[in-house]
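Presented as structure tokens, the chain that follows is alone, the form predicted alone.
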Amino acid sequence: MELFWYIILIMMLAIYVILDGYDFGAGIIHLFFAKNEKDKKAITNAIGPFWDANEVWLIASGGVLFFAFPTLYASSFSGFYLPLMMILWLLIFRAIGLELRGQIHNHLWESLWDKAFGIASLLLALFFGIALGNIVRGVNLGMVTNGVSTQEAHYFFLPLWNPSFSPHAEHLGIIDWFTILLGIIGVVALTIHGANWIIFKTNSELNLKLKTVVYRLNLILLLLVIISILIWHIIDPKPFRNFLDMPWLWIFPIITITGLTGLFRINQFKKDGLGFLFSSLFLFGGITTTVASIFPALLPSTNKINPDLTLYNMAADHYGLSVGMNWFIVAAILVIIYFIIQYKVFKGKMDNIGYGEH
């Protein structure tokens, strides 16, 4: 039963990254590449009917985490308190940037909220990449100092950074040279993803330029992925042990590679949706490959005093998990119906919906 809820949690987080990820990417494109009002409207039209529904997956994932792995929920929300508050404010600014921009037709007003939308999207992509880096690297569970655990075994707290900026420091920070690398990978990957969504959902004059952007950024992404794999051994001496013990897990790196290589053919695709498909495969494969590499850990410990937080030692009572599964099936059916209706209503190109106009 623990494994079932673990898979559900990872799938929900992957869906969130794929769906809200294209919103973040569209915001980054809006910040750096939308030079005129027509381009800006095309981008906001592309994500307008979807962005708020996409964010629900983050809330739902938090709910599943709270229900299925309550101790991990408590530990993570206290340990990552500072970045979580920053993410909350960034989500707020991204939302009001979209909603308030069209309230007053004044250049200064519109420019202010354009920047709020774009910068918040950029920082969200960066912070979610950094968050993944923290999970891969692990945290100092129990706040061990000089070999002695000063707190409960599941407790930790991280400042934004430590003076050494090292992932091997005894007292770690949220940001170090390893987590910032994964943050940059997150920004590049989601920018590509957002560009592919805009190409898929609009006939914007920006689309031809975005295909070139996707191709060039994909070269950068490939280089960053190779670098991250090479330095993975510095963080974890045996990063591929799970893949050697369970060969079927290689399906996830294969999905990642398929998505990454497919994006190099962006200028050859006849159907606009293929680019979005391949960037979705890369994101899904990247997330599942990462969690497969640390399985069964949900949050590794960087010290030898306290054990990793795993799906087995963090799970709720078996009876509660069993009852929750029945209600989850009902909820899943309702969500599927909602998304089928939403994407059916807003299928095709979105150039003329006029999102945010008042």
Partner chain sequence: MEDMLFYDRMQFAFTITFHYLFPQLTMGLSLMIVYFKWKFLKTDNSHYNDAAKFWMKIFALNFAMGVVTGIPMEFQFGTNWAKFSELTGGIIGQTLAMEGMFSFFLESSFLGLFLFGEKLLGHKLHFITGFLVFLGSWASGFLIIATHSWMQHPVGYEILENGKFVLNNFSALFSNPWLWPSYLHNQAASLVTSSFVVSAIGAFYLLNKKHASFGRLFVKTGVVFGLISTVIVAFPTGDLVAKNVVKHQPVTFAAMEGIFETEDGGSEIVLIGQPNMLDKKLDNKIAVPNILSFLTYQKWDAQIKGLNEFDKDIYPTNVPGLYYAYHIMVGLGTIFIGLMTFANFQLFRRKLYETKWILWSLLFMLPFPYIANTTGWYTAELGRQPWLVYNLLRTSAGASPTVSSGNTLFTLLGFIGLYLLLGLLFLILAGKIINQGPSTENH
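Note that this is a predicted model, so its numbers are computed, not measured. Residue numbers count along the first chain shown, from 1.
Not pictured, yet referred to below: the form predicted in complex with the partner chain.
- Within 4.5 Å of the partner chain in the predicted complex, a heavy atom is found for all three of Asp52, Ala60 and Phe156.
- Of the heavy atoms in Glu152, some are within 4.5 Å of the partner chain in the predicted complex.
- For the chain shown alone, Val335 is a contact residue for the partner chain in the predicted complex, at least one non-hydrogen atom being within 4.5 angstroms.
- When contacts are judged by a 4.5 Å heavy atom cut-off, Ile305 does not count as touching the partner chain in the predicted complex.
- Taking the partner from the other structure, the partner chain in the predicted complex has no heavy atom within 4.5 Å of any heavy atom of Tyr215.
- With the partner omitted here, the residue from Met246, Leu208, Ile254, Leu84 that has a non-hydrogen atom within 4.5 angstroms of the partner chain in the predicted complex is Leu84.
- With the partner chain left out of view, the stretch that reaches within 4.5 Å of it through heavy atoms in the predicted complex is, among 284-292, 200-208, 106-114, 258-266, 106-114.
- In this stretch, 20-41, not one residue has a heavy atom within 4.5 Å of the partner chain in the predicted complex; the partner itself is omitted from this view.
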